[in-house]
Ligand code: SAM
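The chain below stands alone and is given in structure tokens; this is the form predicted alone.
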Amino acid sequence: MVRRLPRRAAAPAVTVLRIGHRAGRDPRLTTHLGLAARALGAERMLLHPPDDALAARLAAIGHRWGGTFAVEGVADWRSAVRAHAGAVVHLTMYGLPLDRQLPRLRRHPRLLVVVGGAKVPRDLYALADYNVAVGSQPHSEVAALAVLLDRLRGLPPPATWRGGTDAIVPRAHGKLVRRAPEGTR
């Protein structure tokens, strides 16, 4: 007998909003947030305050490896939260457990996932539709975002990465990167 699993609804479209980015101190961490967001299927990243150099570095990664991930600066994160046409999810270790919130999050076609910096403004907790914890312990923002996106969306299909100049060829040993022929990029 073949057992059929229940069909899951389409995963929500995800935008990540990084607030409290400190250009002089946080470029590596925020870059890793962008890399995780892109690799795990988020459509774009909003960055407050704007950092054009970081946005350009992430755009270069998209050009090289494919996909449509975009990074935009926002001058006022509160306006971005209020203007979002979907549910707002604040990742915080003080929120409700992710496993309890996942069924609710999956019901929304669009999510804005807010990842704070050093000190999150108190009003974000009230502006968010969901305050979600990936474990109720101190941890990395990158890890929390990766776990949320994986549980919410799973890994993106290979077709997601079309349009890049380079592609990784999976191997058991060693590394192989294949360059796209000119005219096919």
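Sequential numbering from 1, following the sequence displayed. Everything numeric here is computed off the predicted structure, so don't read it as measured data.
Omitted from view is the form predicted together with the ligand, to which the following refers.
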Inset, instruction - Name the residue from 116, 27, 62, 50 that puts a heavy atom within 4.5 Å of the ligand in the model of the complex. - result: 116
Inset, instruction - Report the residue, out of 71, 91, 81, 105, that has at least one non-hydrogen atom within 4.5 angstroms of the ligand in the model of the complex. - result: 91
Legend entry - Residue stretch of 63-71, 38-46, 133-141, 152-160 approaching the ligand in the model of the complex, non-hydrogen atom distance within 4.5 Å: 133-141
Legend entry - in the model of the complex, residue 120 touching the ligand (heavy atom, 4.5 Å): yes
